[in-house]
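Shown here is one chain on its own, the form predicted alone, set out as structure tokens.
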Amino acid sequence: MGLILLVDMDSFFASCEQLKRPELKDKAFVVGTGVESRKEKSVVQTASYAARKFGIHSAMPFSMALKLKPDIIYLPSDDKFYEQTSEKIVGLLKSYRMKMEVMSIDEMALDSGTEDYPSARMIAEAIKSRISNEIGLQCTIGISTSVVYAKMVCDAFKPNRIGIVKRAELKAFLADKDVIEILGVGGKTKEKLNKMGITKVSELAKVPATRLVDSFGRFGAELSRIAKGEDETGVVEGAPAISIGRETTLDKETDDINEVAGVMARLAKEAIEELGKRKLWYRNVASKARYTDFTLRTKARRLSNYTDSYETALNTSTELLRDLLSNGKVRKVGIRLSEFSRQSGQAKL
């Protein structure tokens, strides 16, 4: 495994909106989860850098953003355009013929194939330049020895920069990081670690791995390796380059699947209709839920075959969402279809 390059698009949704509307440059605006008529009940998905100066950030209720800046510009999320732009970025990165993992709509991990830091930086500079010139967007690229560390480097160097942390520098780099900055650590894990008296990665590194395994299972062993600078998470190929998803903010918080059944039916129908327009079959179904504390969880299932079935999408996503609801009340739900094949005959159920 070579050095890992983590490409993270800067303020992706907001930047995509500026591509469509250049007059938004340097303006304070947010991209929200709801349509214009329901913006007061929406949640901020991303905020422009101008808006962030007022303390506005993602996962913030738009009503709070309005209090911070009453004339903030609100834009409803344009998922289709964001997905199309992401596909262009993925296509550009594929031209480098490196092992690649699409981690999310705006994050891609690449195995550089080299352990030479100057060479990895040259690759990163070329990628950054092409994304800027050919697509018109800015990105930050983190370079380190594993996907986990490259992601943390990327976060530390944002926005619009290239950051490198060498193997010998990892312990010093990690020491003062909050545990929430570790890839895979969410609000509940952070809370549990804090109750154990662990707030910094340096403190986590001193905890016996057996204690962490007792508290977090297999993830505990992973946490121990990460904290000690020993993580070797590499790029996993095969992640879907594109996905089709729909999500919405609920009228009220709930943990009752019956209360969101109609919402899931509508979201699944919209996703399947989009799938039909692109003449695709899917094989992977995922449900997502954002809880009342704004943490986000996703649960996915890979089917035994490709299909274009609405019923399969609805039944699978509902079953997955039922499991997610067992963890608490949610304010937002969604469905995402991925792992596609071009239609070439009769889809099988």
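When you see a residue number, it is the position in the sequence shown, counting from 1. We call the rigid core the largest set of C-alpha positions that still match within 1.5 Å between the two forms. On a predicted model such as this, the values are computed, not experimentally measured, just so you know.
The next section is about a form of this same protein that is not shown, the form predicted together with the DNA.
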Three-residue site 151, 247 and 332 fully in contact with the DNA in the predicted complex at 4.5 Å by heavy atom: yes
is_contact(residue 243, the DNA) in the predicted complex, heavy atom dist at most 4.5 Å: yes
Residue contact check: residue 78 to the DNA in the predicted complex, 4.5 Å heavy atom: no
The DNA contact in the predicted complex: residue 184, any heavy atom under 4.5 Å: yes
Contact test in the predicted complex: residue 40 vs the DNA, heavy atoms, 4.5 Å: yes
Position in contact with the DNA when the complex is considered in the predicted complex, options 211, 195, 188, 166, heavy atoms within 4.5 Å: 188
Partner-contacting position among 94, 278, 206, 88 - heavy atom within 4.5 Å of the DNA in the predicted complex: 278
Sequence-ordered list of residues in 279 to 294 near the DNA in the predicted complex, where near means a heavy atom within 4.5 Å: 284, 288, 294
Large Cα move at residue 293 between this form and the one not shown, threshold 2 Å, rigid core: yes
Residue shift check between this form and the one not shown, rigid core fit, residue 323 Cα at least 2 Å: yes
After fitting the core, residue 214 CA displacement of 2 Å or more between this form and the one not shown: no
CA-CA separation of residue 6 and residue 290, closer or farther in the predicted complex than in the form shown [shift of 3 angstroms or more]: farther
